[in-house]
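Shown next as structure tokens: one chain only, the form predicted on its own.
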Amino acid sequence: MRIVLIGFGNLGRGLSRALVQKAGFLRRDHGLIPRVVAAVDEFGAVVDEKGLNLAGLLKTAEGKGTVALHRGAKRGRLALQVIEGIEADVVYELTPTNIETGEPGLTHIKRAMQAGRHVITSNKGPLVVAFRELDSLAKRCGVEFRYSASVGGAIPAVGLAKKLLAGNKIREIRGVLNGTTNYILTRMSTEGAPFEIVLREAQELGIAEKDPTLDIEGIDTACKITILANSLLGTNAGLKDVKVAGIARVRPEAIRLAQEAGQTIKLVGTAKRGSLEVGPKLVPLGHPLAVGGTLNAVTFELDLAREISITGFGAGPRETSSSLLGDLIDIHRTLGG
């Protein structure tokens, strides 16, 4: 299977390491032989139609910061040229998220589909801005479209709901979907520390961004709950349709009172047909959504199975590569591989 990687930052490199590590397993257990024929980042592209040496490419990218300095690479913004000009089966769109316009990922995905390439993405931006359009375009172009890694990192929430729970009607989706806010609330809960102090420490540890706005104001969670709603509930929602509140106003006193009542406070995204919401919620201690640290969790309320939850790591290149690789295997199986 010929693969193009658009974006060779943390996720592109994490996926590449997984492809190197899992090459024998993929061939033996799945009959799948992935061959990365092109890798592109913001500075340039490297192409080898016989298949790139990923170990060597990783060494260059990690040492010099870009694939554009790899032997034989070309400088410039070449993503669209590679997508349309290099023969490939699958395009991975792994560029940074832009929730305002979805670009450049949105155009990358459209052009890949129009060129007859299957698409796998971790990029929330295009899915938030134009999910229904992309889903319809994939069907019209006869290509597969997968985005498991866009919600919950390693947690296979979309695949679980679409495949293993396919006999159920989903009544409601609730999720703790942001590791940064969950870490902050967990520390506030266990130590009684104020929000501002825990946030500053999280930034020093690299758990929170220098500008943590998207996380602490609930916007990242709103993106993810929107994707789940559109994908699994058949809605056609955007961020403007989500009622959003963040965690900046949560005080240690509120958490202490919740604990005395046998509950904890988590930033929860909730999706029902006709209603999308993100905000701090009381969660009973011992409930699957009462996860600690940077863990994520998703709970589905269903007509037959009642309630099913899944918990795991919601971020990190190694963890997210689990979903990215799983989507590739799923496409291989769907195509009869």
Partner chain sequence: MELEDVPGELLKALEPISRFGGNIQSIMHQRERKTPLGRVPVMLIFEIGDRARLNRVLAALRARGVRVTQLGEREGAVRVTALLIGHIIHTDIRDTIDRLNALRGVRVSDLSLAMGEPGQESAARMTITADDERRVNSAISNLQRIASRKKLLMITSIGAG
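Residue numbers count along the first chain shown, from 1. What you see is a predicted model; the values in this text were computed from it and never measured.
Below, we turn to the form predicted together with the partner chain, even though it does not appear here.
In the predicted complex, K59 stays away from the partner chain, with no heavy atom inside 4.5 Å. Although the partner is absent here, R249 is a contact residue: one of its heavy atoms lies within 4.5 angstroms of the partner chain in the predicted complex. Although the partner is absent here, D211 lies well away from the partner chain in the predicted complex, with no heavy atom inside 4.5 Å.
Within this chain, K64 is remote from the site of the partner chain in the predicted complex, having no heavy atom within 4.5 Å. Among L69, I308, I33, L282, the residue placing a heavy atom within 4.5 Å of the partner chain in the predicted complex is L282. L289 is the sole member of V37, L289, L302, L54 with a non-hydrogen atom within 4.5 Å of the partner chain in the predicted complex. Residues within 4.5 angstroms of the partner chain in the predicted complex, judged by any non-hydrogen atom, belong to 249-257 and to none of the other stretches in 249-257, 105-113, 149-157, 163-171. Along 256-277, these residues reach a heavy atom to within 4.5 Å of the partner chain in the predicted complex: R256, L257, A258, E260, A261, Q263, I265, V268, K272.
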